[in-house]
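Shown next as structure tokens: one chain only, the form predicted on its own.
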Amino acid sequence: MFFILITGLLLGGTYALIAMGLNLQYGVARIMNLANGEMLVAGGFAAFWVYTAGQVSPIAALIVVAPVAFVVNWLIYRIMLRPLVKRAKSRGALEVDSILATFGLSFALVGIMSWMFGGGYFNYSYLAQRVDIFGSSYGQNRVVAFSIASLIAAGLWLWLSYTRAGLRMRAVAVSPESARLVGIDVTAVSALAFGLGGAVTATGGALISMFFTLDASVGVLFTMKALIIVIMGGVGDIRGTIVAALILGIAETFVARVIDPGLTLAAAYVLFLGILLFRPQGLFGKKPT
């Protein structure tokens, strides 16, 4: 049982980073990005390519992957999504438009990645040695991915909590209309949040590629996991996102080890359904009065 707990925490830590990207995009920019998983796969592809072609560490590749992903997502928001934001007459209308637009974008990205890298599975061996923790052995790559994900998540939380830029982003997340009244450029902040969310997700993809086999079409699975975590943790709640990701990681590991690996998605769905039925406001959210 202790082995399941540690393995689940290691997996959940990486999930947390991926879900934080979606939470920034949905919580601040109000864009439910269904192409989030494809951005993760793109990050994994980039790490795989630099490692196999140039023997460059996937961790070192983050120096390039994160800024490139930020620019790509910032452009997607400015060119493709901003017109939808301007046209939308309500938050509900924007959510419907953004879901449809990013749903189509996810298929386009799958096609581009299949064309560039082929439709087969890809993985590579990096830091595959075992490391002992409390008497049990774990993959060194999982421990390193968890450590880096934890550092990035902590840095992001500190930035959001204690900087003026983070304060502006939180203000837009709470109420874009009120934020605009106090002089905040809501469009610029939303574009920044969407770009930052994409960079965080691509970083998570590069990390998870060190121990997970990916292919061009697997992004939808990670989009669903990120969506489950965001709903469980509460939209815009970084603390809830981290806790929900750890719960999902432990639940998936328990089901894979004790019952059957093929039922991990079913376990995630049951968790998701339970939260929707009993705590739709998220783990730490308050019921609307």
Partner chain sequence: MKRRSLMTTVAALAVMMGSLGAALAQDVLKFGAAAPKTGPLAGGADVTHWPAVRLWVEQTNAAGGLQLADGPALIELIEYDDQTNPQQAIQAAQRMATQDRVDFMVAPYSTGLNLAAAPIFSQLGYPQITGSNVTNQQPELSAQFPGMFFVLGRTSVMAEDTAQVLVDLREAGDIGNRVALVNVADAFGIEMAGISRAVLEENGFEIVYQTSYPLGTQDIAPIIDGAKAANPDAFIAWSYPGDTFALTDQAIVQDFSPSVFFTAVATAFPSYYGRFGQQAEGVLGMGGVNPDDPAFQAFATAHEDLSGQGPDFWASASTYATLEILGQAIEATGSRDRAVVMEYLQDSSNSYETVLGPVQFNDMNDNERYWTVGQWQDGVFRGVAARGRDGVSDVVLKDGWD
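C-alpha atoms forming the largest set that superposes within 1.5 Å between two forms make up the rigid core. Everything quoted here is computed from the prediction, not taken from an experiment. Positions refer to the first chain, counted from 1.
Not on display, but discussed next: the form predicted together with its partner chain.
Task: Contacting member of Ser150, Ser161, Ser178, Asn123, with respect to its partner chain in the predicted complex [4.5 Å, heavy atom] - done: Answer to the contact question: Asn123.
Task: Candidate from Ala88, Ile184, Val110, Val144 lying within 4.5 Å of its partner chain in the predicted complex - any heavy atom - done: It is Val110 that has a heavy atom within 4.5 Å of the partner.
Open item on the list: Among the candidate stretches 236-244, 66-74, 252-260, 26-34, which one is within 4.5 Å of its partner chain in the predicted complex when only heavy atoms are counted?
Closed with: It is the stretch 252-260.
Task: 4.5 Å heavy atom contact, Gly119 and its partner chain in the predicted complex - done: Result yes; Gly119 sits at the interface with its partner chain in the predicted complex.
Open item on the list: Can you tell me if Asp97 lies within 4.5 angstroms of its partner chain in the predicted complex, counting non-hydrogen atoms only?
Closed with: So Asp97 does not count as contacting its partner chain.
Open item on the list: Since only the chain is shown here, I'm wondering whether Ala128 would be in contact with its partner chain in the predicted complex (any heavy atom pair within 4.5 Å).
Closed with: Answer yes; at least one heavy atom of Ala128 falls within 4.5 Å of its partner chain in the predicted complex.
Task: 4.5 Å heavy atom contact, Phe284 and its partner chain in the predicted complex - done: Flag for Phe284 set to no.
Open item on the list: Where, within 7-21, is there a heavy atom within 4.5 Å of its partner chain in the predicted complex? Residue list please.
Closed with: Those in contact are Thr7, Leu11.
- [ ] Determine whether the C-alpha of Val220 shifts by 2 Å or more between the shown form and the other one once the rigid core is superposed.
- [x] The answer is no; the displacement is under 2 Å.
Open item on the list: Core superposed first: is there a CA shift of 2 Å or greater at Gly54 between the shown form and the other one?
Closed with: It does not, since the Gly54 C-alpha is displaced less than 2 Å between the shown form and the other one after the core fit.
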